[in-house]
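This document opens with one chain alone, in structure tokens, the form predicted alone.
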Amino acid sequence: MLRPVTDADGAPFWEYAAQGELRVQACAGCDEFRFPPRPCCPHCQSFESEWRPVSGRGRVWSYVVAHPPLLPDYAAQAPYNVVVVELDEAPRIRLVGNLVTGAGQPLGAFPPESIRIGARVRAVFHDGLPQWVPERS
């Protein structure tokens, strides 16, 4: 399976994720969240930043269901979903991942016909990667 490629700006995101924690880069000057991580704030141009914990709760903003033909390692899991999640604390921040039935469950385990735009989800972690599960009401 493909692994994220990290750079100096994004490395802390993956380090926190490996610990089961969702943090997002925020500007220390104007308090705005920013993602993807970068050295300069697009709002106030400050170079000061910090990594703030977020709840990991949000809503499905968009999604796609991948079908074969795909990369060989992914073909056996198809069809599977890729969701874009808008975070509660920062509606302009959208993270990409998979909607799963539980942390570490197969990518294709969540029925594609059950995915809905606006569905409430929360982050879980498996093997250092954030995944998403439906939030129970």
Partner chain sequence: MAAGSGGLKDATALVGIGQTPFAKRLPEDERALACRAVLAALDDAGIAPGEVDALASYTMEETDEVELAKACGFGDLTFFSKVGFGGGGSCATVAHLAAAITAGQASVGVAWRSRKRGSGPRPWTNTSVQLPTPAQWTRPYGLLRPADEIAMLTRRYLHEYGATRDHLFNVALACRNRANQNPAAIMYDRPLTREMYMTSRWISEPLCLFDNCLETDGALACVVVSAERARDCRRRPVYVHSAAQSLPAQHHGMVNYWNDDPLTGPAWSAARHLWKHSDLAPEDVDVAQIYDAFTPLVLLSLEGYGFCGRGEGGAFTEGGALEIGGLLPVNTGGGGLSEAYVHGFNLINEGVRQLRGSSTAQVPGASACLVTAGEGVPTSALLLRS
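Numbering follows the first chain given and starts at 1. Remember, it's a predicted structure, so these values are computed and weren't measured experimentally.
As for the form predicted in complex with the partner chain, it is not shown, yet the points below apply to it.
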Full three-residue contact with the partner chain in the predicted bound form, heavy atom 4.5 Å, for 5, 14 and 42:
yes
The partner chain contact in the predicted bound form: residue 20, any heavy atom under 4.5 Å
no
Would you classify residue 98 as touching the partner chain in the predicted bound form, given a 4.5 Å non-hydrogen atom cut-off?
yes
Going by a heavy atom distance of 4.5 Å, is residue 69 a contact of the partner chain in the predicted bound form?
yes
Test of understanding: in the predicted bound form, would residue 104 fall inside 4.5 Å of the partner chain by heavy atoms?
no
Selected contact from 82, 28, 76, 109, since only one has a non-hydrogen atom within 4.5 angstroms of the partner chain in the predicted bound form:
82
Given a 4.5 Å distance limit between heavy atoms, list every residue of 32-51 close to the partner chain in the predicted bound form, or none if there are none.
35, 36, 37, 38, 42
